[in-house]
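For reference, the chain that follows is the form predicted on its own, supplied as structure tokens.
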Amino acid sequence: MKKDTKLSAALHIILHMAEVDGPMTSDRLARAMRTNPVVVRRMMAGLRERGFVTSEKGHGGGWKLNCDLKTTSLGDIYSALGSPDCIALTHRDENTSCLVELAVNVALKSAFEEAEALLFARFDEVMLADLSDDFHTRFAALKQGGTPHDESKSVS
């Protein structure tokens, strides 16, 4: 099963953009993400439509962050990306006459809905500034001889 990394990639790009004054080209962002510039442009389209980023063409142009990290949540970015499926699990057959399968479907539907509700509520609680603060804390620790991969300093 292929995992959807759009949200993670978009957040990664946004945090890189937050560290730079001025526009960043799709090529530069693609290098940071180790991907193709076309992938970056495709992802940025939804963010631009929602006003989270702007783009300028020509020499000196590129993508520019256009949102306040303190008031923009993970949920906002998730929505701008088209709200991709978060849970890849689903029913085997939604239109079944099998009573066993109907019982399974009811149980799974309820569990999936509860899990998604918790996940989306959490997305709305975490602001982009929280991710930026976490990055800066990790960067400072690395400069002082620590490790940037310390999971105990995760976003709260």
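Computed from a predicted structure; not experimentally measured. For every residue, the number given is its place in the sequence shown, counted from 1.
Beyond what is shown, the protein has a form predicted together with the DNA; the following relates to that form.
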{"property": "Segment assignment from 38-46, 65-73, 96-104, 121-129: heavy atom within 4.5 Å of the DNA in the predicted complex", "result": "38-46"}
{"property": "Gly61, heavy atom within 4.5 angstroms of the DNA in the predicted complex", "result": "yes"}
{"property": "Touches the DNA in the predicted complex: Glu113 (any heavy atom, 4.5 Å)", "result": "no"}
{"property": "Distance check, Thr137 to the DNA in the predicted complex, heavy atom within 4.5 Å", "result": "no"}
{"property": "is_contact(Met24, the DNA) in the predicted complex, heavy atom dist at most 4.5 Å", "result": "yes"}
{"property": "Those residues of 84-100 which, in the predicted complex, come within 4.5 Å of the DNA by heavy atom", "result": "Arg92"}
